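Next up: just one chain, as structure tokens, the form predicted on its own.
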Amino acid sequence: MTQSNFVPVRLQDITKSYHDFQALKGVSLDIAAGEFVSILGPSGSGKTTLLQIIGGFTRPSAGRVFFGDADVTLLPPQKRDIGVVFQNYALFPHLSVAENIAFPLRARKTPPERIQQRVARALRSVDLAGYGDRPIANLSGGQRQRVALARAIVFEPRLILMDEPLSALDKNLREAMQMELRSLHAELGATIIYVTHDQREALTMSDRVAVMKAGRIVQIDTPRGLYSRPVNDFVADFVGESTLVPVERVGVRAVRLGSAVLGCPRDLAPGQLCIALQAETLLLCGDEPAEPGTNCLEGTVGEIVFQGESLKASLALQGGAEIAIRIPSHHFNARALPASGSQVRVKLHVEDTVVVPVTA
């Protein structure tokens, strides 16, 4: 597969209505050729409907879909030259691994000798060389997912669509498959649009992530941009492990939380504000004065829970808000840990201080 095989995708004011319900509300999105973009959002946000419209499985009520300069809005899926990986794999149980992978090639009347070559190459791409004769029923969940991926890439589609393909796998296998998908994307250079409700999955694999809420794209950015610069409280709450606490504006780049005044890295948005306190960016500190470029908060330690690589402690701030902090397990022994009920100070770098507007 070469970069010239892939096309940019442009969505222009896509709307989709089902009777009185509007699933999509004027969604526009530009995806570059060879880009891996995840569509992230809670159930009912419209992400799967959007993917179905890109694939031609559903027609929009209004708006246009372009692959490059070509308007494909009315083209059926089989004429869009796309590969699709579904949540349930959609494999044929009566066919072998190789026969499943060869199916889209046979549908395109590819010569038999080319089919054999392409199937062998696709199997190598997903690390299943030698599995061609096996029945689907004899494969593990992860192996079936690899077969579905091989079938999606074997005919060198212009675009690959994935609809929560890893959701049925257990945690360890899911994380392993995320890394394999990243490697496969790097090898193929394919344009991939990936739907998920799992923010960690989206951040792990994507070049950019589009966060959806109630039929609209709220923000599209790089994973780091979403995490460190969310546009509002919805994105801040959905991406990362944050507690949102109301704050009072006291300057262009400062807010008050209880008795503490906290510096912010950027000019504050107008309107009501809250701070997104991310458990992993809060650090325990002693009684020494605050270092330049840091903010300090005080609170009372609640429950401390061991979670393997880290300890998670609840912390009641002055004013009553309860937040969480994470302490790497190897940083403290049992004697050095703060006791439940003790008063502690935590510091937060100004650059990690995320203050966002509160949406209705």
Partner chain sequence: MTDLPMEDAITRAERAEQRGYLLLFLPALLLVGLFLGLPLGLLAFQSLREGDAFSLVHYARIFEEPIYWRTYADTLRVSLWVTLLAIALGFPLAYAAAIASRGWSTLILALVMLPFWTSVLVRTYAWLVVLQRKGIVNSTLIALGIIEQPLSLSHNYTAVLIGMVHVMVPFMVFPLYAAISKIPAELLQAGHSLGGGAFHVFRRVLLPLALPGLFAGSVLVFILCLGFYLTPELLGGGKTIMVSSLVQRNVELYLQFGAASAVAMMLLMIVMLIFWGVDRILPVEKIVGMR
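From a predicted model like this one, the values you see are computed outputs, not experimental measurements. Residue numbers count along the first chain shown, from 1.
There is another form of the same protein, the form predicted together with the partner chain; it is not shown, and what comes next is about it.
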- Query: Which among 216-224, 123-131, 80-88, 192-200 is in contact with the partner chain in the predicted complex, heavy atoms within 4.5 angstroms?
  - Reply: 80-88
- Item | Any non-hydrogen atom of Arg118 within 4.5 angstroms of the partner chain in the predicted complex | no
- Answer with yes or no whether Pro270 is in contact with the partner chain in the predicted complex, where contact means some heavy atom within 4.5 Å. no
- Task: Could you confirm whether Arg182 comes within 4.5 Å of the partner chain in the predicted complex, counting heavy atoms only?
- Result: no
- Message: Can you work out whether Phe57 and the partner chain are in contact in the predicted complex, taking contact to mean some heavy atom pair no more than 4.5 Å apart?
- Response: yes
- Assert contact residue (the partner chain, in the predicted complex, non-hydrogen atom within 4.5 Å, options Arg208, Arg144, Arg253, Arg229) equals Arg144
- Item | Contact residue in the predicted complex, from Ala186, Ala137, Leu74, Ala168 (heavy atom within 4.5 Å of the partner chain) | Ala137
- Taking Phe234, Pro246 and Ser314 together, does each of them reach the partner chain in the predicted complex with some heavy atom inside 4.5 Å? no
- Residues within stretch 193-226 having a non-hydrogen atom within 4.5 Å of the partner chain in the predicted complex: none
